[in-house]
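Below, in structure tokens: the form predicted alone, a single chain.
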Amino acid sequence: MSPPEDESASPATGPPDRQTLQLLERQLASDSRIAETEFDPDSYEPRLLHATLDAERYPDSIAIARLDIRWFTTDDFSIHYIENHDAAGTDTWECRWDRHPNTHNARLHFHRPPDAEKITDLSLSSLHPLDVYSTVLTAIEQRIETLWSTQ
């Protein structure tokens, strides 16, 4: 269980949390909504976890959708959801759940879609990685339903 959010916590994100990234990779790999996962640079020293969502769940207007996940030993994180509406990746819809020190908002905040430019403070009932994972995947499921309903 993560400690309550403390604005006086570490002023830096700290190093990547390999155990949490590996936990999230196992969760994603067993999720039917996910087609593929990959660590960057590799599984021995993961700093970033990429997850490609199953294209069959999306309307044809979406070329690819993915999650990029960073998790740090300080329980800071960045989970970036990106849809590419063209193969070149120039037409995107994206948002991001972040917890990290910054000067623009509270440590825990959300970069709103469609371009992740507007930022609002965020409140989550738990900062446990699996609870954050559940929040993000629920939001993605709702996004997919919205995409289909507007087709």
Partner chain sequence: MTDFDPAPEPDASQQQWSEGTDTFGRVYDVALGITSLTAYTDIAELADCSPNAAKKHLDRLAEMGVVRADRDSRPTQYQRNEGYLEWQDASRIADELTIEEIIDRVKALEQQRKEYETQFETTDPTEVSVFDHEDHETIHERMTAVSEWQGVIRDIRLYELARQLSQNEGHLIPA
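Not measured: the values here are computed from a predicted model. Residue numbers count along the first chain shown, from 1.
The discussion below concerns the form predicted in complex with its partner chain, not included here.
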{"query": "4.5 Å heavy atom contact, residue 58 to its partner chain in the predicted complex", "finding": "no"}
{"query": "Contact test in the predicted complex: residue 90 vs its partner chain, heavy atoms, 4.5 Å", "finding": "no"}
{"query": "Any non-hydrogen atom of residue 35 within 4.5 angstroms of its partner chain in the predicted complex", "finding": "no"}
{"query": "Residue 29 within 4.5 Å of its partner chain in the predicted complex, heavy atoms", "finding": "no"}
{"query": "Partner contacts in the predicted complex for 15 to 30 (non-hydrogen atom within 4.5 angstroms of its partner chain)", "finding": "15, 16, 17, 18, 19, 20, 22, 23, 26, 27"}
